[in-house]
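One chain follows as structure tokens, the form predicted on its own.
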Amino acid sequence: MQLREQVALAPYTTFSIGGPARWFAEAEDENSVVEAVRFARERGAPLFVLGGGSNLLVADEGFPGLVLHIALKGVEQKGDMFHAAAGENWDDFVSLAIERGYGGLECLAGIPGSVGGTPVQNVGAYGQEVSGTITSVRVLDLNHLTFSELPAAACGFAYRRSIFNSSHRGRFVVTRVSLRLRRNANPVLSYADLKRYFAGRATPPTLAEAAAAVREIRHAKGMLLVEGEADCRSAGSFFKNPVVPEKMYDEIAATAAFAVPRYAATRGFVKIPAAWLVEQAGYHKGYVLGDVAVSSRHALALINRGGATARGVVALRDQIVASVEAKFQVRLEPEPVLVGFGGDGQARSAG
């Protein structure tokens, strides 16, 4: 285990925001993961497990305990089964699977972060969710310091949820993900953006072409990490698309000046695009509040314009949530994990 002190966390996040970790450990194997956990416990220090840093907001004061960066590497394939270490770059893994002729992840191309983070949020985009391919997740159970394989059915996958970020948050450290992919599969083109992209094409696209299209669409929306582009300094989608009862949707639609977009959800419920709610509440693309802004490309992303603080992000977050709730009686739920914040989710003073 490589251990350092007072390590700045901003460079480890796609938001480029956050103060230092009291201790910072790099784990390249499972033994190092256990060693790091024991180190934190011996000192009574809090522990935070860091993957690709793509879905979190770190407090300006940093984190007062041990940040454990998961750097386990390696991908093993056995037939249509892929076993990927948690520290592998997610987009690189998607590309590898496609190069080998396997489908199931092509719509998840371009998503930043690590393999280990994907089951936590049940990452999804453009008509696919990672839970559709996961067969099991190898974890360290922090209650017993033992490793085990959790079958997909035990992971509680739902829209942007799993047991790892809800009922069992903080109990498990993901070290490997096993996925069953489909050899020579046709790409999934169910999402409207992809249908439009390939409209009028005489022949169906390949998996590689579909993945390239997804990356291009994400880039156009500022949802693809590109060096030097300010709109890309974000945590990706900042708010989850709310799922509301059909009756509530009908009430919103009845008072709206024009059609309210909707997507299918579970029976009796409707999913409303959070980006639409944000814009209708007055926070248009490019809206600026100090060094934080709504992306000029997509209303669902909050961006660091340069020099932004966590307090600034929280201030804009709270304004948007309050405005949407006041206008539509729908409370938006932020996606990013908060690191080093108080229990109320508010940034502490930097005194």
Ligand code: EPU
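Computed from a predicted model, the values in this text were never measured in an experiment. We number the residues from 1 along the sequence you see.
One more form of this protein should be noted, the form predicted in complex with this ligand, which is absent from this view; the next part is about it.
K.L.:
Does every residue of R22, H69 and L142 put a non-hydrogen atom within 4.5 angstroms of this ligand in the predicted bound form?
P.N.:
Not one of the three qualifies.
K.L.:
Is there a heavy atom of P205 lying 4.5 Å or less from a heavy atom of this ligand in the predicted bound form?
P.N.:
Flag for P205 set to no.
K.L.:
At 4.5 Å between heavy atoms, is A59 in contact with this ligand in the predicted bound form?
P.N.:
Contact with this ligand, no.
K.L.:
Though only this chain appears here, would G170 touch this ligand in the predicted bound form if you measure heavy atom gaps against 4.5 Å?
P.N.:
No - in the predicted bound form, heavy atoms of G170 and this ligand never come within 4.5 Å of each other.
K.L.:
Is it the case that K285, even though its partner is missing from this view, gets within 4.5 Å of this ligand in the predicted bound form, heavy atoms only?
P.N.:
Yes, contact at 4.5 Å.
K.L.:
Could you work out which of R161, H219, R180, K240 is the residue within 4.5 angstroms of this ligand in the predicted bound form, going by heavy atoms?
P.N.:
None of the others qualify; the residue that does is K240.
K.L.:
So this ligand isn't shown here. In the predicted bound form, which residue out of A212, A125, L225, L96 has a non-hydrogen atom within 4.5 Å of it?
P.N.:
In short, A125.
K.L.:
Please determine, with the chain shown alone, which of 258-266, 197-205, 96-104, 80-88 has non-hydrogen atoms within 4.5 Å of this ligand in the predicted bound form.
P.N.:
Of the options, only 258-266 has residues within 4.5 Å of the partner.
K.L.:
In sequence order, which positions of 288-322 have a non-hydrogen atom within 4.5 Å of this ligand in the predicted bound form?
P.N.:
Sequence-ordered list: H298, A299, L300.
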